[in-house]
Ligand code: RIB
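Here we start with a single chain on its own, the form predicted alone, put down as structure tokens.
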């Protein structure tokens, strides 16, 4: 039985790749995309979500727009990584479909409470929508099956400040609410995503399949490659797609149960995620954290799934 998931997202290049991987994976049934601000504005995120689904001939998947701004912090975006459009150099036509006429927070509450412990949510952007849903309807915390979150940097350095990862930094107050919600959480931090690099050699392999999918991936990741090269990196880190490894290739991840806290102050470590490895807080673990990954093997899984998807959507 495929795992039924809703992806909460701010697309975003790696978000787009996560959608494609979900659609290419028989182990997953993608129930909906809910959008939030983050990599781009909410309006752009919602447009991208609709357009990417249509590119993959999956326009029947609902898209629901959510939070315009973080809970407390001002809006931030990352055009230097994702491009002004959010999908690098890719040119996507305007989507034909429209988002569901409901706020994502209400949609999440309605869907989850209608089928308790059946739906998993994969937040791969700032946690604003999830935190708001928990605050608006506390019953959500016991009704959602699990959260698989892309975010944080536990032992690894940050990617937006020396200590903080982007998704958590954008809305640390939301992360604090979610981390302490009691929902079963698996955290996929930079500790593992930085070890999963999509490189030009992989793009050249994908381009052997003539498809709108492979051309989209090539154009999308070009800005990511340029950003990586600017700081001496070797490729595009597959942050968001790696969350799906928990379903399609869990053996590639090594998880550890930890108590994890987030700094939501306004100081230099704002957005930093702290793991209590030695039990100094005397608090029980509140999540499972991925600390090791067989990165090359995950990239191979991704490439094979994209080849298969591309062949199903030829020129």
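In this text, all values refer to a predicted model and were calculated from it rather than measured experimentally. Numbering follows the first chain given and starts at 1.
Form predicted in complex with ligand RIB: not shown, discussed below.
If you check ligand RIB in the predicted complex, you find no heavy atom from any of 47, 65 and 100 within 4.5 Å. Stretch-level contact analysis of 113-121, 217-225, 161-169, 134-142 against ligand RIB in the predicted complex, using heavy atoms and a 4.5 Å limit, identifies 161-169. Residue in contact with ligand RIB in the predicted complex (any heavy atom within 4.5 Å), chosen from 92, 190, 105, 183: 190. Using a 4.5 angstroms threshold between heavy atoms, residue 130 stays clear of ligand RIB in the predicted complex. Using a 4.5 angstroms threshold between heavy atoms, residue 39 counts as touching ligand RIB in the predicted complex.
Interface membership of residue 87, defined by any non-hydrogen atom within 4.5 Å of ligand RIB in the predicted complex, is ruled out. Residue 150 belongs to the set of residues with a heavy atom inside 4.5 Å of ligand RIB in the predicted complex. Residues 239, 240 of 219-251 are found to place at least one heavy atom within 4.5 Å of ligand RIB in the predicted complex.
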